[in-house]
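Okay, here we've got a single chain as structure tokens, the form predicted on its own, with questions on binding and movement later.
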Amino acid sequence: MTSLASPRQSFDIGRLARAVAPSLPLIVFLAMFVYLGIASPSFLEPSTFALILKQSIPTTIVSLGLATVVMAGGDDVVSGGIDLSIPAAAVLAAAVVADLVTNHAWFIGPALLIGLLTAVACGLVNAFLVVLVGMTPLLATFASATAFVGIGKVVTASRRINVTDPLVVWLRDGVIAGVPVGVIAACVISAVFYFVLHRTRWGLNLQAVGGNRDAAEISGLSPAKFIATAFVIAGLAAGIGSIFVLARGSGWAPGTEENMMMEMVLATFLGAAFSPRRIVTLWGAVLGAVLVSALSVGFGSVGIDIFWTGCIKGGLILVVVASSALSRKVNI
């Protein structure tokens, strides 16, 4: 009797896992939002939504960079495309800009250019380590992130630097037709990334490399070139995100990169749950960044300690990654 029941039980469990695994992150997030809506009625107000959008901007920009790397290298977090150093590069660029503007009285334009070049240089370092040296992206970018953070602390002496430049203040507080300037800028940047990756031949070839590297190589594409370029684009995203890091924090502060890295990874891979094929996408990363920001704002509104917030986000990353692995396993 037991032997007859076991195969059926195994089949039912497999079918249940196949049905639930792809949607598990969304189910968990939905449950959290329901809780936040009940525990804090102000969480559902329009002003809170505006705050969520503004707070999500830096995470959105760096998530676009990570999504590009994943789309070029594949969505396996170990052997595929991953770049954990993007927030560290953004914070390093922000440190350079803050130091030049506040401590050395540079104009904001040249300072932003130097910050952007600094972040792109970080992307070049990762491209060198992964493509030429042959390091695993996960280990290479984790190591480079540590180095970038250290350089940022050297530049700033690990002290907060306030930035009151009018451009930074405008990006933080400015409004156009009732919409925050930063939100408009983030939408434009997201649209540019979408056009480059989905409406150009180069972008489609990059996705082909990430989808099946061997097939792309047989068709005449150079995976190494596309992967290296993806890391440079991620560095560019970090440089762009640095100005929003300064705007959100009214300057540079040590330790910003830690929370941003957690939110970036969570947002990017959570976005895969919104894709019919369960793969990382640009729009999924953007939506994931907004949802992660909503959790942060919501937890703050109900008085959850910031340390517990970090624990919860870490647990959510485990749920998202485990769900992706389980989905891949049950579909083999």
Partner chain sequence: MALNIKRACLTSVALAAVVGLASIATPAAAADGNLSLKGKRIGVAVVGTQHFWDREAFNGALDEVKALGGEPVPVDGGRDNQVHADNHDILLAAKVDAVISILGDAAVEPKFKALKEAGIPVFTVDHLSPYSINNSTSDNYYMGTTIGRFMADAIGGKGKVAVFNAFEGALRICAIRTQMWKYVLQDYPDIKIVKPELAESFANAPEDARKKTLDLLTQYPKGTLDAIHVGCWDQPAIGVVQALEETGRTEIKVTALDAGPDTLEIMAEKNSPFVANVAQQPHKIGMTSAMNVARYFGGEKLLPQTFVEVVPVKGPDSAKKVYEDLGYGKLK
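Since the model is a prediction, treat every value here as computed from it, not as a measurement. Throughout, rigid core stands for the largest set of C-alpha atoms superposing within 1.5 Å between the two forms. Positions refer to the first chain, counted from 1.
Quick note: we don't show the form predicted in complex with the partner chain, though the next part is all about it.
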4.5 Å heavy atom contact, residue 306 and the partner chain in the predicted complex: yes
Any non-hydrogen atom of residue 162 within 4.5 angstroms of the partner chain in the predicted complex: yes
Any non-hydrogen atom of residue 172 within 4.5 angstroms of the partner chain in the predicted complex: yes
Residue 180 within 4.5 Å of the partner chain in the predicted complex, heavy atoms: no
Proximity to the partner chain in the predicted complex, single hit among 26, 290, 51, 32 (heavy atom within 4.5 Å): 51
Sole residue of 229, 250, 190, 102 within 4.5 Å of the partner chain in the predicted complex, by heavy atom: 250
Per-stretch contact check against the partner chain in the predicted complex, the hit in 130-138, 86-94, 106-114, 153-161 (non-hydrogen atom, 4.5 angstroms): 153-161
Neighbours of the partner chain in the predicted complex among 258-275 [non-hydrogen atom within 4.5 angstroms]: 259
Residue 305 C-alpha shift between the shown form and the other one of 2 Å or more, rigid core reference: yes
